[in-house]
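Next comes just one chain, in structure tokens: the form predicted on its own.
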Amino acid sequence: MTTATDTQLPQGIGRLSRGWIAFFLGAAVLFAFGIVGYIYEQGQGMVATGMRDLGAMQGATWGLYIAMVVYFIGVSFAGVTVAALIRLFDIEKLKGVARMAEVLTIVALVLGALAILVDLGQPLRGIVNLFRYGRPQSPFFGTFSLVVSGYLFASLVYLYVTSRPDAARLAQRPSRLQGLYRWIAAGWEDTPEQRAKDRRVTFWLAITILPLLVVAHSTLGFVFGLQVGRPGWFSTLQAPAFVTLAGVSGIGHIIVLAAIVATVLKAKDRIRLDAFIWLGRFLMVLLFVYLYFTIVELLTTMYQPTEHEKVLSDALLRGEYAWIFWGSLAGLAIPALMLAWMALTRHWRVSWLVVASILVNLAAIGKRYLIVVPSQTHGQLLPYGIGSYSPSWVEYAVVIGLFGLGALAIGAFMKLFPIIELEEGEA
């Protein structure tokens, strides 16, 4: 139900149309499918998944769940990076996407944390053991403390601080959500002193968050890159490649989300083509950097590989993982060429940017899968045979459920608070 005062709130806040109801129902069905899969997994144990022990069982102990952990945390990277850069350098053209970037960061981090929990099998035991047996010198410990805890907390604080002015404006208007806005505003007043204080706080938060997120994602790369006994993982390129591909997937998500928001809210005057051009150029640079890393790694591996590296590279280039490898490479190279063509001709189209962004995200999921799985099934240093891994329906269901939950979270935020920062006098 919608009251007369709710209809006065900007950006469709508090109002549910038939389209929105259909969206929420569709996302809820996806989320429910994930819940069913997870309940089945809890009842049957991890045997319900496609994961098996390494070596004698010729399987993989990390599978689709861990690939999605890396992917979701990667998506979060670009969200808060873009938001922080907007605040630091006062990039006026991108201010329309600042808040959706901040929201995307938080949602992606929560989904990454949930993907870790479902992979544990017994999540409560895993959480307890983290405090009992955690080793600060371990990259695993850094991943949990920096990415899931410190990074998430810093992002929440950043979103809260930047949201208070809009909450104060909305709190002046009678509505069912007025109490929520007053609570968020927490006494914020539109005075020169308050605005100056907010600028200082957001500046120092951005200064703090940017190095934190680079360290956090590098640490996630070290989880793989420091394992000397695992072909395909032990590499100095893991950390910078993780950070770069994180930016690729995150910027892609922001472009898609911005296009959807601009269309649904009829806000193309607030999210202009200039914003998409900035994001497109940023995405293009990151894509070419990552493709360079990929070429360097391929040449190094193929020049004079060890026996175990050769087994792994054969599986990637012409074996059972070849279709994922070449498909992912095409999903990165084609968008890079599309973006380069648009940059050279200065003929930018939002629809092409959205297509490129979807392709790079599909490719990013494929690359994350290839980082996690093949090194466990091929190229074992111990005398075990070649293994295999295929995700079960349970794993697919849980991952689909996580995407449904993310859609629900972003949709709910849009119905409770402005996803685009309000302009002076808009409220």
Partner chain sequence: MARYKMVVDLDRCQGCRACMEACKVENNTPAGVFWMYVFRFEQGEFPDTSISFLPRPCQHCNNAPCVKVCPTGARYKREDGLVLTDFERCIGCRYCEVACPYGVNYFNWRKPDHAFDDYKMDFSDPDLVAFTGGVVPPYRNPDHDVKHGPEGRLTSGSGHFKGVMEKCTFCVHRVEKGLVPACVDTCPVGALRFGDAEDENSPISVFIREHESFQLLEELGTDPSVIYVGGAPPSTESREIERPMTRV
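Residue numbers count along the first chain shown, from 1. Keep in mind it's a predicted model, so treat the numbers as computed, not measured.
Not on display, but discussed next: the form predicted together with its partner chain.
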task: Work out which of the listed stretches, 225-233, 266-274, 279-287, 239-247, brings a heavy atom within 4.5 angstroms of its partner chain in the predicted bound form.
output: 225-233
- prompt: Should Trp323 be counted as a contact of its partner chain in the predicted bound form, where contact means heavy atoms within 4.5 Å?
  reply: no
- prompt: Going by a heavy atom distance of 4.5 Å, is Phe140 a contact of its partner chain in the predicted bound form?
  reply: yes
- prompt: With a 4.5 Å heavy atom cut-off, would you call Phe89 a contact of its partner chain in the predicted bound form?
  reply: no
message: If we define contact as a non-hydrogen atom of the residue within 4.5 angstroms of the partner, is His347 a contact of its partner chain in the predicted bound form?
response: no
- line: its partner chain in the predicted bound form has a heavy atom of only one listed residue within 4.5 Å, and of Ile35, Ile400, Met46, Ala28 that residue is Met46
message: So its partner chain isn't shown here. In the predicted bound form, which residue out of Pro174, Gly134, Gly327, Pro305 has a non-hydrogen atom within 4.5 Å of it?
response: Gly134
message: Only counting heavy atoms and a 4.5 Å limit, does any residue of 106-133 reach its partner chain in the predicted bound form, and if so which ones?
response: Asp119, Leu120, Gly121, Gln122, Arg125, Gly126, Asn129, Leu130, Tyr133
